[in-house]
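Only one chain comes next, encoded as C-alpha cells, the form predicted on its own.
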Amino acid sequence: MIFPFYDNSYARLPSVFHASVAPTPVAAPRLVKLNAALARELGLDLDSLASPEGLEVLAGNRVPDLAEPIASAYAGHQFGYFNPELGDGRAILLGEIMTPAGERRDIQLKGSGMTPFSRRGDGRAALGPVLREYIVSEAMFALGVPTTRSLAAVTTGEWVYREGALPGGVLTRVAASHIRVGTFQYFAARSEIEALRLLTDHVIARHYPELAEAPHSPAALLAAVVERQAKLVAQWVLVGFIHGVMNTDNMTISGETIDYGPCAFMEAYDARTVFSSIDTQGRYAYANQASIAQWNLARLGECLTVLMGDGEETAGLIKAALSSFRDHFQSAYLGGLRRKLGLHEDRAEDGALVLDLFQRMTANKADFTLTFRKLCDAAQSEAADAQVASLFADPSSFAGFAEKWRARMASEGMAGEERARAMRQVNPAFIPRNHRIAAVIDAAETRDDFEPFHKLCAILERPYEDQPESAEFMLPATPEERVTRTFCGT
C-alpha cells in the first residue's frame, strides 16, 4: 500500500466543507526527489513510493487505495480585502495517515489539476514553484521552524502557461492539517453556524484535545492558536524569513508555516524589506509580520465570537486571547535574540543592545545571517571581530556595538568556547538564499538539470554546521546575482 490511509476525518465532515474531486492525470511523470527521511518518519515504504506505481500516485495519475480525494473550501482576506470563496484551486487532499508516533498527517498533491475552486485557473503548478516550496519548506524544518513538509517533487511532462510556457510539476505536501483561518471565515461569512461549530470541534479534537472540556472552548481555542502563531512568527523573524503573502487563507490553525509562494530570506538587514512582487504597499514586510499575524488572528476571533454570542463576557474572552499575542511574541523573539547574541540572562537593557546592533546593520547593509554566524566566533575570541566588521560597509561601526556586547557577556561569566557553541546552535550558517534558489530553478527549467537542486537540498539539511566544502553557499548574492522580487506560483 503506497499510503496507509487510516481515517480521512476531514472527508467525513459534511459536503459543505469540501468537494470530491480526483487528481487530473499528467502525460509523462518523472520523480525528481523523494524525501526519504520524511517518508521514514511517516512510516511509509520507500520502495513502494519509488516504484512505478508510487510515481503514478505522486503525480496524480492513480488514486491510491482508501484515498478519498477532496478539495477544501475556505475564504480569506488577501492583502486586507475579503474574498468569500477561495478554496483549493490547485491542490487535492488524498487522505490522512497515522505516523508510527501516533500523529495524524494530511497527504496533499499540489498542482494536481482543476477543482471546483479553480476560478478559471488551470489547477496546475509550474516546476519552479514546486522546487522552491520543496527547498524552503525543508530548509525551514531543518532550521527548527514548524512547517508543512515536502515528501516528493515530480515533473509532469506537460507545459503550464503563465507569462510563458513553463514545465509543470506536482508537489506532495505533508501537514498536520490544511485548516486555515480562512476555513473559519468561509462558514462565518455564510452564517453557517452549525458548520462553524463542527469545524471548531474538529480542530479541538485534532490539534488541541486538551481543550475538549474547557469552558468557553471557542475562546480557549483562539488563545491556543494565538500562542502557537505568535511563537511561529517569532521563529520566522529570528532566521530572517519573510513569508510574502500572509493572507488569512495562508495561516494554519495548527501553527505550521504554509504556502511558500513569494517568500524569501533577508540578506542585508532592513526591517522594511519586501520581496513579494505583489506586495506593492509593503503590507507583509519583514517588520510587519507580527502585527499582520495578530490582525489575521483577530479575524479568527470574529468567527469564533459568532459561536459564543455577543456580550461582555464573550468580548472580554476574545480580547484577552488576542491581547496575549504581544506577550507571547515578545517573549519568544527577545529570548531568541538573546540566544543569538550568546546571552542567557533576561535583562531589561537587552532590547536597547539589540536595537543598537540592528541600526548599525541597517546603516551598513550587513548581512543578517552572516553577521550572527560570525558573532559566534567573536564570542569566543576578539580576534574574530574583524570577520564581523568586514560585513559592514563601514567596518568601524561594529566596534561601538562590540564594546557594549562584550561588557554584557562578561557580566554573565560563561566561558567563550561554551558560549560560541551554544550560539552556533541557533545562528545558521546556511539559508536558502534567493539567488541560489533562482539558479536551481533555471538549471531545472532550461537544462533539465536537477543536480543543483539536489546539492542545495543536501546543504540545507544541516544549516547549523559549517560545511567548509560548501562555504560559497553561505555568501550573500553579488550585485549581479541579487534577486529582489519573488513571485507567486499561480
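The numbering used is simple: start at 1 and walk along the sequence shown. Note that this is a predicted model, so its numbers are computed, not measured.
A second form of this protein, the form predicted together with adenosine monophosphate (AMP), is not displayed here; the remarks below concern that form.
Just one of Gly87, Gly301, Gly168, Gly95 comes within 4.5 Å of adenosine monophosphate (AMP) in the model of the complex, counting any heavy atom, and that one is Gly87. Of the residues Arg162, His202, Lys340, Arg190, just one reaches adenosine monophosphate (AMP) in the model of the complex with a heavy atom at 4.5 Å or closer; this is Arg162. Not one of Tyr10, Pro64 and Ser177 places a heavy atom within 4.5 Å of adenosine monophosphate (AMP) in the model of the complex. Per the 4.5 Å heavy atom criterion, adenosine monophosphate (AMP) in the model of the complex is contacted by stretch 120-128, the sole one of 135-143, 120-128, 304-312, 181-189. In the model of the complex, at least one heavy atom of Gln78 sits within 4.5 Å of adenosine monophosphate (AMP).
Using a 4.5 angstroms threshold between heavy atoms, Asp367 stays clear of adenosine monophosphate (AMP) in the model of the complex. Not displayed here, adenosine monophosphate (AMP) is kept clear of Asp279 by more than 4.5 Å at the level of heavy atoms in the model of the complex. Although the partner is absent here, Tyr74 lies within 4.5 Å of adenosine monophosphate (AMP) in the model of the complex, judged by heavy atoms.
Shown here without adenosine monophosphate (AMP), the chain has Asp249, Asn250, Asp259 in 244-282 lying with a heavy atom within 4.5 Å of that partner in the model of the complex.
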